[in-house]
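Let's start with one chain on its own, the form predicted on its own, as structure tokens.
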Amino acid sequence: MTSQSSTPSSLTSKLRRLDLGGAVVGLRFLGATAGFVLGEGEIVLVDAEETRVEAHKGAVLSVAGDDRRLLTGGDDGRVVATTADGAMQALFEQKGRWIDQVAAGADGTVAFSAGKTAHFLPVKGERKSHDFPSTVGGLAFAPKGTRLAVAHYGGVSLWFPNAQAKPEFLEWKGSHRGVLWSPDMRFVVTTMQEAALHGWRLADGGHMRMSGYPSRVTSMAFTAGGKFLATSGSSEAILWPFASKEGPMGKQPSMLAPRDVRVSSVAAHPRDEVVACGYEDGLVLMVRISDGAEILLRAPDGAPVTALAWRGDGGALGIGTESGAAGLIAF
């Protein structure tokens, strides 16, 4: 697939610029409110006005959430849920522990990890815990149900916290970090410490090796309907095809929005086959997958884009950077 290389159209005049005063490490929309998570513990909630709350006394290590709650884990040993009105609830606290990962379930459940122990918090009932072979590198709930994918050294474990059975182990040598389910729950994919992705077809345990990146992949997202997996890690957005039952094996990825600067963050539109791409120099493009058409949303300023998130209806995009220069753009 040949990507467009002509000068893109621009919507930069619609960008609402924000100076948040600290590096953005995560971003989620809570309804119409954008929640920007800063690395030193603050959350900035932005709608018509800005509201700042201190969720952690220390560094934020992990961010997740749904359209109701923003979940954060910190080096203060706390898991905190923050809502759009600025209300905060500590879901867990243990001094001396680092909360490396957090995840939000579709039914209001929560998972988090400290070291090699993963914890599951049901909406009602007692917390459940399980020790894995090594430090948990990533956590993700299946789109339906309470099954958790837990990435660690040597592969991924699929854990049913409500079952007595041992987790199912998907093996592949190496250090696995971020983990993601496909929307149809047929595939699980991890980012690795090396410059590659690895995936499994759950129907038969088949392996899917996705390599060739010049740098480690730190951001990935399935497009609406799960047809493509968009990733960072190169000087263009790499989209692996997942529409067929075999996944991407034997197929070439699409490459969109090529530049001489690497993509640092991607976010897939929740309804349309459109991807937002943020780059290490601060530029942000919106790209249509079908023909590679590009629209410039933010001009480069030298600060890497560290977070992108679409509003639930796809009508707005939030942008966060390493310098704290952020923005919101409505369509």
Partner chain sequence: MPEAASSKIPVTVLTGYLGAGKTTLLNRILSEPHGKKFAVVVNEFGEIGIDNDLVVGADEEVFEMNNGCICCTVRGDLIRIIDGLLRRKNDFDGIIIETTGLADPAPVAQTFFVDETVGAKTALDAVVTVADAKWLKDRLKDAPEAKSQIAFADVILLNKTDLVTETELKDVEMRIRAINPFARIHHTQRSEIAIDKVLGQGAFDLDRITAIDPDFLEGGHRHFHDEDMRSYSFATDKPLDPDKFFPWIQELTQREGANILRSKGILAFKDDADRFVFQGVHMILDGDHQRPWRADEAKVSRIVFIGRQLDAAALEKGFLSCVA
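Everything quoted here is computed from the prediction, not taken from an experiment. Positions refer to the first chain, counted from 1.
The same protein has a further form, the form predicted in complex with the partner chain, not shown here; the description that follows concerns it.
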Handout entry: Triple contact flag Leu30, His119 and Ser219 to the partner chain in the predicted complex, non-hydrogen atom at 4.5 angstroms
Key = no
Exercise for the section: Quick one: from Gly108, Gly205, Gly86, Gly96, grab the residue that has a heavy atom within 4.5 Å of the partner chain in the predicted complex. Expected result: Gly96
Exercise for the section: Could you spot which one of Gly39, Pro300, Pro270, Gly292 gets a heavy atom to within 4.5 Å of the partner chain in the predicted complex? Expected result: Gly39
Practice task
Work out which of the listed stretches, 172-180, 119-127, 157-165, 140-148, brings a heavy atom within 4.5 angstroms of the partner chain in the predicted complex.
Solution key: 172-180
Handout entry: Any non-hydrogen atom of Leu15 within 4.5 angstroms of the partner chain in the predicted complex
Key = no
Problem - Residue contact check: Ser265 to the partner chain in the predicted complex, 4.5 Å heavy atom - result: no
Handout entry: Partner contact for Gln193 in the predicted complex: the partner chain, 4.5 angstroms, heavy atom
Key = yes
Exercise for the section: Report yes if any heavy atom of Tyr153 sits within 4.5 Å of a heavy atom of the partner chain in the predicted complex; otherwise report no. Expected result: yes
Fill in the blank from the handout: Those residues of 224-248 with a non-hydrogen atom no more than 4.5 Å from the partner chain in the predicted complex are none
